[in-house]
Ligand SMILES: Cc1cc2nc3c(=O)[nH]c(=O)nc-3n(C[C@H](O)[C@H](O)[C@H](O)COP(=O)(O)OP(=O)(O)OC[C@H]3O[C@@H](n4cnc5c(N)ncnc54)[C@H](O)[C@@H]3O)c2cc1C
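In the form predicted alone, a lone chain appears below as structure tokens.
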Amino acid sequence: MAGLACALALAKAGCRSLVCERAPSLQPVGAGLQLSANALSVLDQLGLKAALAERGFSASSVALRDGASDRLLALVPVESGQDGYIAVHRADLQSVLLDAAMADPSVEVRLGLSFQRVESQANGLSVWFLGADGSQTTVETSLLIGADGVHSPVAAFAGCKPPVDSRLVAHRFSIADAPGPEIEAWLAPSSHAVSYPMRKSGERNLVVVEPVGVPHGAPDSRDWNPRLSDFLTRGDYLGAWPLLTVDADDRLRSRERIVLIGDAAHAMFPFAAQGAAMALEDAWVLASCLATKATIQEGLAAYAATRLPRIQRVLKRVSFHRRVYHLGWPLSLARNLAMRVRPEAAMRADLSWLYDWRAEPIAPPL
């Protein structure tokens, strides 16, 4: 997602780009994701917001509930002005971005190419890729953008620190017959669950986050309230994913002609539902910085200086959510009471700095 969005943003800045993808074909993989107004503003600038809105679900709030009783603790407002909040299947976002990239003459997409190494040249870089058939491909470029995930080979080649295992795991389920626009989260000691719609056909995403130390396999439905237990029983179990993080300070620092975006730059826990949003922000900000600075080096320095403070603030919020969501008794009682009495306007203000960010138009090339 980050790579395709960045290529489209660069096209707005008058730059041509080549997107190299390791997979030999782009399949509709993944599960659901949530896009807040800050993310939707990027899609709006790309002219893709309406197309995605047709496939997803709009939401105005997230219901926080007690994991054992299902009692409502708080309705957290998530809208920002008229820009809304959308829950959608990851494959639908990928499809919208890919269709736009394939239709843009400034963007070329090549599949089945795995990054190998890069060498500096007098006026740019030589990047080597290994093809699915074992052949070698060399690309001459002025800039290499690593949008290749938490296990980024580009980051590893650049000498970045490896990912860190959080000792948490995310169990994912898909529920085929649970229609409705509600986004809900259930809080429990050391774990939490989130459910939201992905497609208008009724398909719903369910994620349960818990410590690695529990027995392997799907979560025990008996640990939750009857309604959530029913979701777990009926859902199609998609597997467990370890939650990994990276050192954002290390990965976002300015490098000469190599830059990281998305999870490759700042993989984060899903406790604030901002992973996809930050990737889209990265893509737009990087293109904007490159378009407004005289040199690539100045553009990369501006990107790092702009993104790092915001990413650090998001990561702090994510850590706060992790602590609050996973509180055990009796601290959970105090948390629940505080949530019930906190005014909606105050909860909205808590996240205004996050949701109210907007992608500014990129000036067209001269």
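What you are looking at is a predicted structure, and each value in this text was computed from that prediction instead of being measured. For every residue, the number given is its place in the sequence shown, counted from 1.
This protein has a second form, the form predicted in complex with the named molecule, left out of what is shown; the following refers to that one.
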Answer key: of Ser95, Ser166, Ser114, Ser229, within 4.5 Å of the named molecule in the predicted bound form (heavy atoms) is Ser114
Partner-free chain; cross-checking the named molecule in the predicted bound form, the single residue of Ala193, Ala287, Leu252, Ala279 with a heavy atom within 4.5 Å is Ala279
Testing 291 to 299, 99 to 107, 67 to 75, 148 to 156 against the named molecule in the predicted bound form with a 4.5 Å heavy atom criterion leaves exactly one stretch, namely 148 to 156
With the cut-off set at 4.5 Å between non-hydrogen atoms, does Arg172 touch the named molecule in the predicted bound form? yes
Please determine whether Ala2 contacts the named molecule in the predicted bound form, using a 4.5 Å cut-off between heavy atoms. yes
Next item on the list: Could you confirm whether Ser41 comes within 4.5 Å of the named molecule in the predicted bound form, counting heavy atoms only?
Entry: no
**Asked** Closest heavy atom of Arg90 to the named molecule in the predicted bound form, within 4.5 Å or not?
**Response** yes
Are all three residues Arg22, Leu243 and Asp263 in contact with the named molecule in the predicted bound form, where contact means a non-hydrogen atom within 4.5 Å? yes
